[in-house]
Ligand code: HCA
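To begin, one chain is listed below as structure tokens, in the form predicted alone.
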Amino acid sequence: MRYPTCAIIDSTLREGEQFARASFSPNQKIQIARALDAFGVEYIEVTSPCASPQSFEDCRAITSLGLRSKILTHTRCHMDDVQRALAAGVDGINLVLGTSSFLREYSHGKTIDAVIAAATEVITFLQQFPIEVRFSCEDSMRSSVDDLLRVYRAVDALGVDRVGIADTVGAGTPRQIYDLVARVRAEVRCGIEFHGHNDTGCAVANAHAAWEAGATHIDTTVLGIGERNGIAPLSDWVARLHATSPRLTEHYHLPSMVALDRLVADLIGLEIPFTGCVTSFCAFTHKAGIHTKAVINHPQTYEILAPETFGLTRQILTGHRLTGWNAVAARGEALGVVLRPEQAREVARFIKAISDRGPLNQEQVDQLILTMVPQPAAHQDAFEGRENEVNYVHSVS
């Protein structure tokens, strides 16, 4: 089966700057932009140049880097904003105006007719410039579908490159997102961009549903950072695409994902979440005995993604009470020691016994293998009396 390609619009330098702990300096923004470009995202979205004087300078500096990624900025649907964005030299402008009853009543106060009028004025003006234009209905999932379709049909007729569907508060389920995107897909000829927040833990699933329904562009940020608890993480979205079909990610430099996540994690002072599909410390770590046996025999038994694809290696943990003799034997082989099954079982039993008092690190496990295996006659004595000779630790390396 051939799947349609889907462009990534990474918004770490716009949505990500709204994260509670993010405050990127101009040099840090350039560093992130270069890393995103090296990874191969199709678009990089930056903060509106109208946000502050420094935001304008940052936007102009990034557009001057000569990156392969197109540089977009996100602005209000307002003539002053788009003129400022044009002066910053961006490749595209992402217009936004809220359409939900919440935003129309408590934010800008416009009717749907007024929203369409404002969009028409700004989009018509932008048609004279060689830039991409997207119009997004903010808070799409809490907007009337009839209102959304009126707006999307109107801006599509004006010639926008994309319409944006924004699950601004993470209210949607994958089924709801699929149905809405499919409905919009049947009404417009232009591209469809999806921006989904993670307030209810569905950001990646919703992005995938949007893509399946016809979305052509998906918004991400590195580590998923953004307003509140953010949007779809770039590395998680890429993992989902790769698991669907490796062809969809062959144009990205996958081995650079870990460094990219670490870069942003360091800049915002956070650890990479352990839930990270590829880049977390435990993404390709196997521990339970029945898992490790199968993975040693054939990695795909417990891996949907191959660590080698991302420049990584899998870890088989052995210094704990759940260890299995197959894992012990495999570790012995890595050390140049061939363990017969009965020897590997003996070492595994010893590790289990002492690990009930605390897990062992790899050095301790290796020491046990190297000291126990050459002396099979002493195994029982060791098992009976050597537990207290081990220095216990509370982390597994």
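These numbers were taken from a predicted model, which means no experiment stands behind them. One-based numbering along the sequence shown.
The form predicted in complex with 3-hydroxy-3-carboxy-adipic acid (HCA) is left out here; the points below concern that form.
Student: Quick one: is residue 17 in contact with 3-hydroxy-3-carboxy-adipic acid (HCA) in the model of the complex, heavy atoms, 4.5 Å cut-off?
Tutor: No.
Student: Would residue 182 count as touching 3-hydroxy-3-carboxy-adipic acid (HCA) in the model of the complex under a 4.5 Å heavy atom rule?
Tutor: Outside the cut-off, so no.
Student: Consider residue 197 of the chain shown here, and say whether it contacts 3-hydroxy-3-carboxy-adipic acid (HCA) in the model of the complex, taking contact as heavy atoms within 4.5 Å.
Tutor: Residue 197: yes, in contact with 3-hydroxy-3-carboxy-adipic acid (HCA) in the model of the complex.
Student: Examine residue 112 and determine whether its closest non-hydrogen atom to 3-hydroxy-3-carboxy-adipic acid (HCA) in the model of the complex is within 4.5 angstroms.
Tutor: No, residue 112 stays farther than 4.5 Å from 3-hydroxy-3-carboxy-adipic acid (HCA) in the model of the complex.
Student: Going by heavy atoms within 4.5 Å, which of 116 to 124, 280 to 288, 251 to 259, 129 to 137 lines up against 3-hydroxy-3-carboxy-adipic acid (HCA) in the model of the complex?
Tutor: It is the stretch 129 to 137.
Student: Which one, 168, 143, 235, 323, lies within 4.5 Å of 3-hydroxy-3-carboxy-adipic acid (HCA) in the model of the complex by heavy atoms?
Tutor: Contact residue from the list: 168.
Student: With 3-hydroxy-3-carboxy-adipic acid (HCA) left out of view, which of 190, 294, 96, 268 would have a heavy atom within 4.5 Å of it in the model of the complex?
Tutor: It is 96.
Student: Of 42 to 70, which residues get within 4.5 Å of 3-hydroxy-3-carboxy-adipic acid (HCA) in the model of the complex if you count heavy atoms?
Tutor: Read in sequence order, no residue approaches 3-hydroxy-3-carboxy-adipic acid (HCA) (within 4.5 Å, in the model of the complex).
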